[in-house]
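Heads up, the chain below is alone and in the form predicted alone; it's given as structure tokens.
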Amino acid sequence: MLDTRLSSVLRTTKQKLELLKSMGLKTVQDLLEYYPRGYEDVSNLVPISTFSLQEKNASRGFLSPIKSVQTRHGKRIQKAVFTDKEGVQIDCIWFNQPHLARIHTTEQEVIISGRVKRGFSGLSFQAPMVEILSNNQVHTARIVPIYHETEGVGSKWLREKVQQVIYYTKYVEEFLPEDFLMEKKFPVRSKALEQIHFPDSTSEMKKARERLAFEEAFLLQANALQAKYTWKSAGEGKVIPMNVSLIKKYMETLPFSLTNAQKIALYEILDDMEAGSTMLRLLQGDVGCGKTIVAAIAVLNAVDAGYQCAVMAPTEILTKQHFAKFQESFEVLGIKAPKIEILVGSLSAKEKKRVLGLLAKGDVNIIVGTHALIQDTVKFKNLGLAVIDEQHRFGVEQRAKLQKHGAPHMLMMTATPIPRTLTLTMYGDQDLSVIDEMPPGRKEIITRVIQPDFAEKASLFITDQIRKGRQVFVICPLINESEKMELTSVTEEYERLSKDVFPEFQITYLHGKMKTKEKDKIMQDFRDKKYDILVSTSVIEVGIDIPNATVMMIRSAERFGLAQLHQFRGRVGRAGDQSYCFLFVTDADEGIPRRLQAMEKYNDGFKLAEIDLEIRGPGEVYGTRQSGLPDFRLANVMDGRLISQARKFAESLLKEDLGLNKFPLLRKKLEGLGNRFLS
């Protein structure tokens, strides 16, 4: 019954049905789950003598026939007189609603609500809502639902249509366990749907919203956990034992000691790989916290156990950087050093064929690559661990392609700090390890907002840094000069800095439209200190490691998001030297945006992520489509208490009964949703 098409139950036009369809409303269930965005309480009926000018008023009485009259300015308005039960009268005026005169042709007992205005002749109702008295008021004398509108579909019209299908709630099946509903004092689903649209009281409305919001969060978490348990049970589950002696030997070769947070994360990863079920773990940490070395140790341990490892990154620049680091890092192991190869799109056909052949035969222990790793031509002999860096740049489908190679353990990494509640919502199918501690000796990067009047002083400071042997990044939002936007472009800034500001220094520039070989050469030359300043677009946002760079200069900083600014800042200060980030603003008169003030005050990426969420909301920060953020109607993705409760309840049900055989209606509901975490 709930899948009945609206076209067969609503009294309306074909055009209106098309508009509903464009809103995603095709069936009775769709309309019942189109929840109000708010409410207006006009349940208190009062006499005209007590009307307020500050808020809406509602009263019961008689309305004279509505007549259309023409004003002296040629406009037509509709007029009538409302008389309450005390005999007090008030004029009612509507603008450009001639249909009212055709509907209300006789005196009728009504309930009327709206705002009143004081004029020369006293109070008058301005465009009030009028509803003929009945046993079931929809628009007046109740808590009235307010819906999101679109052109051609107003809230009043939607109320009437929801009222036409509200009796279908009797066909709504309950899929949550009865004892849980009693424990939480939640209404059954049929009553919740009825009360969220037409509540009997404020308390009933709140109970309905709470139950339906919990339902949304619970279904998401149950969906995520089913995906997680399905993943863990995929394949035979490669058992990769911890080689403690090898790991200790390798760690002794490092010029630093791991932080406690790194050690905990490493243990969680190695313990997962040894447990016998397939690992799916997200390693999260701020820029510069040392995620890569943790992943490298996990890779080394898997290779020692006889498995191949794949390391995938989103760009060739970052991939080649990982390749160089892994090679350099493992060389100290001498003859036990694993065989490492790289696979990127810019390789020649001959070189690709060579690498693919070695990989298929098992003569390559570690393959570092871009999306090239998930092409159909790639074959592994014994893939045991896949590491995906900056995992938000890759989709679920790409992850699944790696899983097809014998269900390897999967380690995802991200340098985008995400508050824990949101992590459970976005990545609820993954176990979570967090590195929330920076390496000792790492100095906080001094960040300053630079207004146009102080640009010259900043340039003098940068000159001093370069003369001390340091290097500088300059970030611009555009590649070429734009006539429409007064933003500093890469080519324009390169010319300005080379000729007018730093003519004595070596400067180059970089942007995403350059060919790969050209970009690689520029980055290598900059790393080799052939250039003092690199002018670039956001292509260097993630993972670029230039230890000698101590200054990050960002032009038109107000044009970048907070997370992106923090990523830029993470490109300097990587060798322990005091480093600086200068945020140049275009217009001093517009004031300093809150996100730039936050950059000055905080270096902690997790704190900045919380501020960014406060300012913009999760959908804007992470992008609903990119991150897989759910399109909740009622639940708040940042409501930690709600998400945690939903998670615990989903865990308790699924640990006992993964197939939900005891709860067939819940199983049916989840199957109907599909799995957003597994392709």
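All values derive from a computational prediction rather than experimental measurement. In case it trips you up, residue 1 is the first one in the sequence shown, and so on.
Keep in mind that the form predicted in complex with a small molecule is missing from the display, and what follows is about it.
Phe461 falls outside the set of residues with a heavy atom inside 4.5 Å of the small molecule in the predicted complex. Taking non-hydrogen atoms only, Arg399 never approaches the small molecule to within 4.5 angstroms in the predicted complex. In the predicted complex, at least one heavy atom of Thr259 sits within 4.5 Å of a heavy atom of the small molecule.
Contact annotation for Asp545: at least one heavy atom lies within 4.5 Å of the small molecule in the predicted complex. Comment: 284-292 is the region of 80-88, 425-433, 284-292, 145-153 lying near the small molecule in the predicted complex, near meaning a non-hydrogen atom within 4.5 Å. Checking Pro439, Pro314, Gly114, Gly561 against the small molecule in the predicted complex, a heavy atom within 4.5 Å turns up for just one residue: Pro439.
Only one of the listed residues (Arg209, Arg159, Arg448, Lys325) places a non-hydrogen atom within 4.5 angstroms of the small molecule in the predicted complex, and that residue is Lys325.
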